[in-house]
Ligand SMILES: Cc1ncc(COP(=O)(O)O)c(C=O)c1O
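As a starting point, one isolated chain is supplied in structure tokens, in the form predicted on its own.
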């Protein structure tokens, strides 16, 4: 008998729209049980930590996250017998906070401006002081991008049914998605372009952060990225509303990815663009 965790992955790839003879496809990660792409990395990081003897039943997992990884960890932790403590910026949507608590997790809100420092320094100090805390560290954990290399990307290739991919577009948070998916797609389609999306410096698109704000996640593979697109937050929110009118309710980071995908389609007729919609939109209402 399968469990809920067996339902993580194998999400739909849909054709969102056609512009200028170009097709825009989106991987609908909101179909994961916890509602986001982060279910994949939560399960992969925990499974491999168990395999390597890093965690044991009764341990508490502590993780800084803008929300979706926290939801994923809380869900997987609840099913596997781990407590979860999540550090989040105070700009995180209330729905995500409530979801983590519903799964039995604990949330600690930190002022958004100092969140990035808190990511590494303060969490490691907390782990040193409290012996039963385990920091999986999605920003440095190799099993984050590996979940996408082995899972998300392979699904995309299969779902495209032999059609070529000319562009892959993804937002940058931890960098796990664009690194893992990008590496595998580049193997399959050596001439394709990989475009990363981030908010312009000083602005916030929940789930994404600008590298120019001072923190560069170590797992990002810059060698595979052809361009980093700086996007105004307003354009991400506006695009999210536009695709909601088409019946696709997603979060602001999906709006950012869709905006850039549309811009690419305008300038490059006749290409196939694949992007990722990381989560559902209900948690931002």
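Positions refer to the first chain, counted from 1. Fair warning: this is a prediction, and the values are worked out from it, not measured in the lab.
Below, we turn to the form predicted in complex with the named molecule, even though it does not appear here.
With the partner omitted here, the stretch from 202-210, 159-167, 123-131, 84-92 that lies within 4.5 Å of the named molecule by heavy atoms in the model of the complex is 202-210. Relative to the named molecule in the model of the complex, residues 68, 174 and 177 are all within 4.5 Å by at least one heavy atom.
Annotation for 247-285: interface residues with the named molecule in the model of the complex are 253, 278, 279, 284 [heavy atom within 4.5 Å].
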